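Below you'll find only one chain, the form predicted alone, shown as structure tokens.
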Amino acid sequence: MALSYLRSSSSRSANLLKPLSSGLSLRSPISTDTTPITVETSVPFTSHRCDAPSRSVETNPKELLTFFRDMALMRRMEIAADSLYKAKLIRGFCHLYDGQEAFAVGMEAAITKKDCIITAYRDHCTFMGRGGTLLEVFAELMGRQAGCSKGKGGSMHFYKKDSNFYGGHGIVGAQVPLGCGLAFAQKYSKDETVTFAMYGDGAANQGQLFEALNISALWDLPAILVCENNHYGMGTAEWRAAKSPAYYKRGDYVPGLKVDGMDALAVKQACKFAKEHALKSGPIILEMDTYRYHGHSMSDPGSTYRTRDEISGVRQERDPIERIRKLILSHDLASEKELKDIEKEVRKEVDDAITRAKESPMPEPSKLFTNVYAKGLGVESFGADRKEVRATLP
């Protein structure tokens, strides 16, 4: 089946302000083709205190092409962020997600925007999956007003309230109790939604995680705890930090499921299963077996505690984008050239977004005093001697 694109300069600009997948414009029937295709996951699910879901996943041409485009866009975005950081246009902490894109797109395919998501500091692609724009991403990374947090949050603090994305948190593991609190609110309001609280293997030994899980289990909260296990907590291999690195079993009395986090369709199946379980029976743990290509952050070269052969081996054998590319080609949904054209288009979109983000002004210095206290309380700012009032905060 042929795949072709209609593009104009005006539509390219408009696409920057649209959610992730809305820029995919197809002339052929493939754009709306939802003819079922059944695909088997790369490896079986491994379960703890629950029956594993089926390895057979139903998908369709539209979904596969959307997966490909969305992950290609995420990948290009993160690579561009690397370059901007090295050019000193991005300052501070910056944690990249390239290699882990399958979880972001697979999870979104199984849930709705009414479901809540909260994560740690590797949050750029999760924000995009929730409907964020490239302009908001790059402007926030560069500390500009057009950013999703008005340039005040930076890489680690992306938010999108209208899509129930609650960040973006820099304190290791601290987002998990907050996520369980969101799940409590969901159960209290009886709105039949769930919360995905994500954390890395480096946070899996945090005491607050187990405290939050315990009370979630006691109250049967619709909380799904997701360990994105990329096998290195900063520069420490999982086996050096955890006596039991089988994180999906860590809940003991709480069911768990181990998933190939590099397989977008396996992620979709697991998240669908987890949502159904959480609404009916309370919390569940998902362990996503994934891998990051970059170091922990931009200050980490990522090659001192693992070999380059290890990284290239994962790229060759498990890369999430290449897996979807092979599925598309094997089912004759698009040609190799057409997929290359998508990647070229994505590259152009990213470049255009960066240009626009650079044009956005920096926040005014007075904005330092906003979003700190509730408005209208008459809070005053004093000098160091506590005698001279310097400002009354809005």
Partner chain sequence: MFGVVKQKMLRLSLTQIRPAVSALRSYSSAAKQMTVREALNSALDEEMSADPKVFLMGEEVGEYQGAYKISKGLLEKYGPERVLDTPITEAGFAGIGVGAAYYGLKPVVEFMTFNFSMQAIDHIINSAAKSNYMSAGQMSVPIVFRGPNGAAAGVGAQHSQCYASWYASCPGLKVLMPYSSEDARGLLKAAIRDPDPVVFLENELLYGESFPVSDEFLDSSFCLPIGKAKIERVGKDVTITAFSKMVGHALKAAEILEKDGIDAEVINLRSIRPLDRSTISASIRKTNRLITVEEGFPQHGVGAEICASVVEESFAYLDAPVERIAGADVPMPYAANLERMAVPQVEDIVRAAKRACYRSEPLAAVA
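Numbering follows the first chain given and starts at 1. As the structure is a prediction and not an experimental result, all values here were calculated from the model.
The same protein also exists as the form predicted in complex with its partner chain; that form is not shown, yet it is the one meant from here on.
Screening His277, Arg318, Lys249, His157 for any heavy atom within 4.5 Å of its partner chain in the predicted bound form leaves a single hit, His157. Note on contacts: among Arg306, His231, Lys150, Lys272, the single residue with a heavy atom within 4.5 Å of its partner chain in the predicted bound form is Lys150. Using a 4.5 Å cut-off to its partner chain in the predicted bound form, not one of Thr126, Ile311 and Asp332 places a heavy atom inside that distance. With a 4.5 Å cutoff on heavy atoms, Lys367 counts as touching its partner chain in the predicted bound form. At the 4.5 Å threshold, heavy atoms of Ile79 stay clear of its partner chain in the predicted bound form, well away from it. Interface residue remark: Lys161 is counted as part of the site for its partner chain in the predicted bound form, having a heavy atom within 4.5 Å. Heavy atoms of Tyr293 never reach within 4.5 Å of its partner chain in the predicted bound form, leaving it off the interface. Contact with its partner chain in the predicted bound form, defined as any heavy atom within 4.5 Å, is confined among 71-79, 253-261, 205-213, 97-105 to 205-213. Contacts of stretch 154-188 with its partner chain in the predicted bound form, defined by any heavy atom lying within 4.5 Å, are made by His157, Tyr159, Lys160, Lys161, Asn164, Tyr166, His169, Ile171, Ala174, Pro177, Leu178, Cys180, Gly181, Leu182, Phe184, Ala185, Gln186, Tyr188, listed in sequence order.
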